[in-house]
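Take a look at this single chain, the form predicted alone, given in structure tokens.
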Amino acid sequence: MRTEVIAPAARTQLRSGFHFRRLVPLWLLLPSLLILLFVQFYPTAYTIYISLNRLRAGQMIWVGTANFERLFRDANFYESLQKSFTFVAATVIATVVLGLLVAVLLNQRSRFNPFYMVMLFVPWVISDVVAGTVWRWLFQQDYGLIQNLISPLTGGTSLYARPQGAMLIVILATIWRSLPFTSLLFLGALQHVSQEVLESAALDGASRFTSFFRVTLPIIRPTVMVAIILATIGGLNSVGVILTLTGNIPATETASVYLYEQGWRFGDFGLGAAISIIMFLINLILTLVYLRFQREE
């Protein structure tokens, strides 16, 4: 009779102890989660609040959706979005293609690979301001190294004087800046491709070109998608390189630069916050599309 009374209590105690052990990792992660909540979600919520207000005489005045209505009537905003999409499309395509090429070359065994790796990752470790300054010097009218080489093609004028030329310089600098990270992703993926699979393809008569596109590329496709989404989000939010290179000229005023101009140069924090909300939604949609594609894969 006594055993029948104790057994259920013991089972309950064991069950509660098991649940407690399952919750221990969550309790250990709680401080980090609270910090993440404060650092990420609080600024987002405050940005939404600012987008619904207008700063006047140092005070926030509630205006509702007036900032978004102003934004949707602003032709400059749509033009900046168009420039952003052009900039992102060019940088993402070039970065992914060149990153694959560089990763394939580095994946070949060579005693000079450590030297190549060091030279490749120099652009990645420097700041956006330094990278933009270096590229601005390269295209200076009087002493720019690259500008002096292409002066016969440009009629002696700087590429900065042409809208397409200024955007081209920004695209080239961004590709140079983001190529190391993309190459590192692809190199890690290539090194995990089974050599047995490649040898089997070679035995079946596949050339190295065919083997890459029919065997290797499908295997590393998830990594390619990660590189594409990261390059896209990075390009949409790029500010430092563009401002350092070209300042605030209209030819390179992407949506992120337009946000910076409205919020910090003109002090229209409500409109700047509204632009940031629109860009956040664009980034969110792109991420959801990527996750949906990965789920289907």
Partner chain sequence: MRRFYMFLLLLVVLLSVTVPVAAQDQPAITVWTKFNSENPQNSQDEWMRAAIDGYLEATGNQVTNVFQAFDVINSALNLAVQAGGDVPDLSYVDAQFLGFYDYNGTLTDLTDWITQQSWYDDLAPGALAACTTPDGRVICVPTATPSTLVYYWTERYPDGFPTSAEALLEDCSRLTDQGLYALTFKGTESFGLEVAYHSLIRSSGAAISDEEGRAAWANEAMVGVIEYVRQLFADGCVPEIALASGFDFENSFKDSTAGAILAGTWTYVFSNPVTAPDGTLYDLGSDSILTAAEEGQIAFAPPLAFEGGSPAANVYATAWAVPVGSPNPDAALAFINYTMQSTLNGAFGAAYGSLPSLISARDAEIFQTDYWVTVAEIMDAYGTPMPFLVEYDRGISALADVFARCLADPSLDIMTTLQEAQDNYNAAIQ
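As the structure is a computational prediction, the values presented were derived from the model and not from experiment. Numbering follows the first chain given and starts at 1.
There is another form of this protein, the form predicted together with the partner chain, and it is not shown here; the text below is about that form.
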query: Every residue of Asn53, Gln82 and Val97 near the partner chain in the predicted complex, heavy atom within 4.5 Å; finding: no
query: Trp27, heavy atom within 4.5 angstroms of the partner chain in the predicted complex; finding: yes
query: 4.5 Å heavy atom contact, Tyr160 to the partner chain in the predicted complex; finding: yes
query: Non-hydrogen atom contact Tyr78 with the partner chain in the predicted complex at 4.5 angstroms; finding: no
query: Close approach of Phe68 to the partner chain in the predicted complex, 4.5 Å, heavy atom; finding: no
query: In the predicted complex: members of 119 to 143 within 4.5 Å of the partner chain, any heavy atom; finding: Arg136, Gln140, Gln141, Asp142, Tyr143
